[in-house]
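Quick setup: one chain, the form predicted on its own, written in structure tokens, and binding and motion questions come after.
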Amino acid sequence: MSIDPHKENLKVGVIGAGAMGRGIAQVSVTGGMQALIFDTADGAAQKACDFIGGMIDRSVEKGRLSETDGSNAKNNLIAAEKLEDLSDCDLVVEAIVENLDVKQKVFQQIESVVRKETIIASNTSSIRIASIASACTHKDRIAGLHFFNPVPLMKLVEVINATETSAETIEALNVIGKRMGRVPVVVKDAPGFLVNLGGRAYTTEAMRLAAEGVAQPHEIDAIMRDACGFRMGPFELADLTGIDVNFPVSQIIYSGYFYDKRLATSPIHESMMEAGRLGRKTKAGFYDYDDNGQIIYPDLDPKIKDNPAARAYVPEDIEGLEPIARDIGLSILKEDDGISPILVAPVGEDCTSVVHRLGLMSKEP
């Protein structure tokens, strides 16, 4: 027997009242479902409900939700006083710390109070679902449902299909994900799943650049935002998710792929963790934050000029590189003038290797 994911009064239990748990509960109630939030910290669930209510009110004020839909959503939001309050939920989503032992214990507790057909999902961003499910009795109804922060704005949700997850469970989570207004994508059960594996280099390369003194975090972020079109730079993103979240995740993925050096993070990542500079939540990470949680950006280097480069040197014939340069207004130099940018396309090799191969090392002492 499995749940009916289409039923009108579907109940979603959320364990964990942090940023992710709040977001999951919010998209559940705005999707027309009932959401019950439980957290072991006194008053945390009610604070989460109050926060979500405020976010829903803002959506109504901005015209994103009708007053009726906003009122219904808030009425569908419940702060659970104890885990047993989730006993009649159709789906329970765990959104707590990235620690396998803790998750296994919580899943066992959930199994002891919910119905046999209730789906239990983890919002883990890196731990194998099969590892979590190994401590459970009914492994066929256990899967991953990994959202992205901030949940109400990020449409993607990964539906993680573990070794013993049933097809009915995956189909039900696809339906529920769509009811939440997300775009569900079924992925394999592997460290980091799809997005956190595929996006490793966005953070790890940025960390190395900063650690090696190539550029400062705010400079790297500005380049990725303003020149490459990303909504947030890698250090802004790390601070938003929390160093206490993304550093352990990096270690889990690194060890999960048998210590492949391409997936290793940088020592400065661990240093931030050890220093307690966990990002926005502590008002200090790679950036400092004001009382409103806004980044305090460092003053720009006065030596930086606003005028864009007018010329560039292209040291080898790469199809398409020169037309791209000309399209953005660059003239192409026949020789390196020692001042203008050098454009390369290191496909299959890293930047250091291509610089060495082409003899582009600086002649300055």
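For clarity, every value in this text was computed on a predicted model and none was experimentally measured. Don't overthink the numbering: it's just position in the shown sequence, from 1.
The form predicted together with a small molecule exists for this protein as well; it is not shown, and the discussion that follows is about that form.
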### Query
Heavy atoms within 4.5 Å of the small molecule in the model of the complex: does residue 19 have any?
yes
### Query
How about residue 245: is it within 4.5 Å of the small molecule in the model of the complex, going by heavy atoms?
yes
### Query
Any of the heavy atoms of residue 219 lying within 4.5 Å of the small molecule in the model of the complex?
no
#### Entry: Partner contact for residue 40 in the model of the complex: the small molecule, 4.5 angstroms, heavy atom
yes
### Message
Going by heavy atom distances of 4.5 angstroms or less, which of 103, 139, 179, 74 would be at the interface with the small molecule in the model of the complex?
### Response
103
### Message
Between 157, 95, 133, 272, only one gets a heavy atom within 4.5 angstroms of the small molecule in the model of the complex; which residue is that?
### Response
95
### Message
Suppose contact means a heavy atom within 4.5 Å; in the model of the complex, does that hold for all of 200, 250 and 280 with the small molecule?
### Response
no
### Query
Which one of these stretches, 139-147, 205-213, 220-228, 165-173, sits within 4.5 Å of the small molecule in the model of the complex when only heavy atoms are counted?
139-147
